[in-house]
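The data below hold one chain only, encoded as C-alpha cells and taken in the form predicted alone.
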C-alpha cells in the first residue's frame, strides 16, 4: 500500500448517523450486483450510516455506493462503484448501486465525455472507499480497545487476529460513521485488488432486459404534458411565420408558441451549441396528439443572416461566426479543394521536408475524405422539466449535467441552488448528449406553459438538426530515396468546419523530415463531438496510408510500424510527441501474436492491421474478411488494448466490441449529405446502418497486463478499426478505398 493525503472535500464526509426511511430510497437501483439469480428484491434498511458522498452502510451490512457520472452505456455505473468497493474491502454481493444526484460540492467532473470518467475519477473513488475502510478499522479498534494498526479488513469484515475478534461492517457502521476522517489513508497496490480487474455483471442488467423504466423516455410525472418542436428544414433558414389555427383545434393540444432556446446576444458555453435557436413548441396531452398537430402547422421560413456570438470554452472565450446561405455537399467539396490549396497553416515542421521532397526519387500521394455523420442514438433527445417561480426540477439523459446546470441558471435567471437535474440512464450518447440545448428547451417550454413537460424529439428532428461529425479530408505524401527508404512525411488535413489533425501523434517523432499542415472551411452546419472526435477520421486514413507506404517499401506493415516506433523511442524527433513508443509497440506485438499474423491466410481472406493512440489509450486491431460480391464479410477481429488497469473485464470487452462494430458500420455505410442546406437523410429508411448479420462473426479482445492507472476506453477502440478494415479489403480485392463510406463510393 502507499500513503496519500485525503483530498475529497471534508463537507462530503458526513459523520453523523443518517436516518433514511424506505420512502427516501424510492428510485434507487435495487438490482444489487451480487444478488442470486431470481431474487430481484432487497429489503430496504430502516437505517443507513453515511460515510461520505459516495457510500453508506446499513446495520444489516448492505452497502450503497453512488456512481457519480452519467451512464451512456459505457458501464461506469458498474465500474465506478467497483473501485470504491475494492478499496473498502467490501463483499460485492452486498453492494447496491445508485445513480448519484448532481452535486458539484461532493463530486468532481460529473460528465461523460472524452473517455475520462474512470481516469478522472480513479483517485477520488479510491479515496472514498479507503477512507471509509479506515473509519471502520478505527471503530473496531475503539470498540475492542486494541491498536488500529493491528486491525485488518476483508470481504466486509473487520478482524483482530490477536484477540480472535471479528465483526461485519454493518455491526460497526454506527460507530464508524462517528469517527474522525483520517488525514492520511493507505491505498492498495494493484496486486491486492479483489474486485478491480474481475468481471461483474451490469448492475442495471435485469432492468434493461425486462424493460423496467430507466431511460429519459421512460420518465413519467403526474400532470405531465408532452412537447415537441418544429425547426427550420434547412441550415441557413430561420422562422418567418406560423399559422397554427388548425393545429390548435386538434384534440389534446394545450398550447403552440414561438420561443428562443437561448436569449439572443448572450454568451454561451461550448456545450450550448444549437442549430436553430428560435423554434415552435407544440404542447399537448399525448405524444400522438402533439405529433399530429405538429404536422398540421403551416410554417414559413426566411434566410438567416450571418450570426456572430461568444462561446466560453472552459476558461477561454472565443468568437464563433456562423455564415449565412444554403449549403450543398458538392459545394463543400469544392470549398475544401480551394481552401486546401491556398489557406494552410503549418502546425508542425521537423527537419527540412521541403528539400527532402524536392530531391525525392519517388513521392507517394493519397487523399482521403469522409462525410458528415449524425449520431443516431437509439433513444432520441428528450428531457423532463417542471419550472416554477420557486424551483426547477429536471430529469433526463444528459452527458454534461453540471455544465448545463449553469446554462440553465443563466437562461431562467434562477440561482443554481434552486435547480435540480436528475440523471437518467441514456440510450446512447456518442457525444450528441454533450450538447444540452434540448434540456434548456424543455425548461423554457415548461416555464411558459406553467406545467411539467416532457420534450420529445422525433428521429427526424434529431437527424436533421445536428449535431454532426464534421466533413473531413486529408492528403498524405511520403518521400522515398532511390533505395525505397522513407525520407519524408507530409500530412495536410482539414474539414468543414474544422480540422481533424493531431500533429504530434505518430508517426510524428519517428521521421526526421516531417510536415503537418491544416485548414478549415466555415459552415453553418452545426457540428460537435462524435465518438472519438477527429480521431474517428484521421486514424483510419493515416493507417491506410502507412500500409501503402509499407507496401511500396516491400516490408511487413507491422514490422514497418514497429521500426518507426523504435526510432521514436531510441532517437525521437521533436519535443512534443504525445505517445509512448513502448506502449504503442506493445499493442502491435500483442495483436500480432494473438491473431497469428505470421501464419498465411487462404487466398480468399484479406487481412489488415491498424493501431492508434487517443484518449490516453493504445489500441491495435487486425481485421480478417472475405468478400461476398462487393460486400465484406468480416470473419474475425482481433484487438489488443492498453488502457492501464482494467476495472471490469466484461464491461471493457463489451465496449471494445461495440466500438469495433460501430466503426465498421459507419465506415461502410454512414453518410449525411445536404441539398440547399437541407439534410438528405432524416430516418433509417435512407440512412444505412450496419445490420446484425453484417457484424463480425468473431471478436477477440486482449488487454495488456498493466499496473498503470486506468485511462479511456469508450472511444479508443473505434478509430483504428476503420484503417484495419480498409487494409483488409485491399488485401482481399486489390482495390484501395479512399472515401468513406467504402461501399457505393468512388475508390
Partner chain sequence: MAQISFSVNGKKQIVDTDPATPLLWILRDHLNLVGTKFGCGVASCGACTIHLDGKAMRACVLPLSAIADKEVTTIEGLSEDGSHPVQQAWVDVDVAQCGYCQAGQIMSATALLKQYPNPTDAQIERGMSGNICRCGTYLRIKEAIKRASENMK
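The structure presented is a predicted model; accordingly, all values stated were derived computationally and were not measured. Residue numbers count along the first chain shown, from 1.
Beyond what is shown, the protein has a form predicted in complex with its partner chain; the following relates to that form.
K.L.:
Pick from 212, 189, 267, 341: which has a non-hydrogen atom within 4.5 Å of its partner chain in the model of the complex?
P.N.:
Looking at 212, 189, 267, 341 one by one, just 212 meets the 4.5 Å heavy-atom criterion.
K.L.:
Only one of 380, 497, 581, 632 gets a heavy atom within 4.5 Å of its partner chain in the model of the complex. Which one?
P.N.:
When its partner chain is considered in the model of the complex, the option within 4.5 Å is 380.
K.L.:
Which single stretch, out of 596-604, 81-89, 121-129, 657-665, brings residue heavy atoms within 4.5 Å of its partner chain in the model of the complex?
P.N.:
So the stretch in question is 657-665.
K.L.:
Verify the contact flag for residue 183: yes if a non-hydrogen atom of it lies within 4.5 Å of a non-hydrogen atom of its partner chain in the model of the complex, no if not.
P.N.:
Looking in the model of the complex, residue contacts with its partner chain do not include residue 183, since no heavy atom lies within 4.5 Å.
K.L.:
Taking the shortest heavy atom distance, is residue 524 within 4.5 Å of its partner chain in the model of the complex?
P.N.:
No - in the model of the complex, heavy atoms of residue 524 and its partner chain never come within 4.5 Å of each other.
K.L.:
Considering only heavy atoms, tell me if residue 698 and its partner chain come within 4.5 Å of each other in the model of the complex.
P.N.:
It does: once its partner chain is placed as it appears in the model of the complex, residue 698 has a heavy atom within 4.5 Å of it.
K.L.:
Considering only heavy atoms, tell me if residue 231 and its partner chain come within 4.5 Å of each other in the model of the complex.
P.N.:
Outside the cut-off, so no.
K.L.:
Counting heavy atoms only and using a 4.5 Å cut-off, do 484, 489 and 737 all touch its partner chain in the model of the complex?
P.N.:
Answer is no for this spot.
K.L.:
What residues in 270-288 sit within 4.5 Å of its partner chain in the model of the complex, counting heavy atoms only?
P.N.:
If the 4.5 Å heavy-atom criterion is applied to its partner chain in the model of the complex, 270-288 yields 285, 286, 287, 288.
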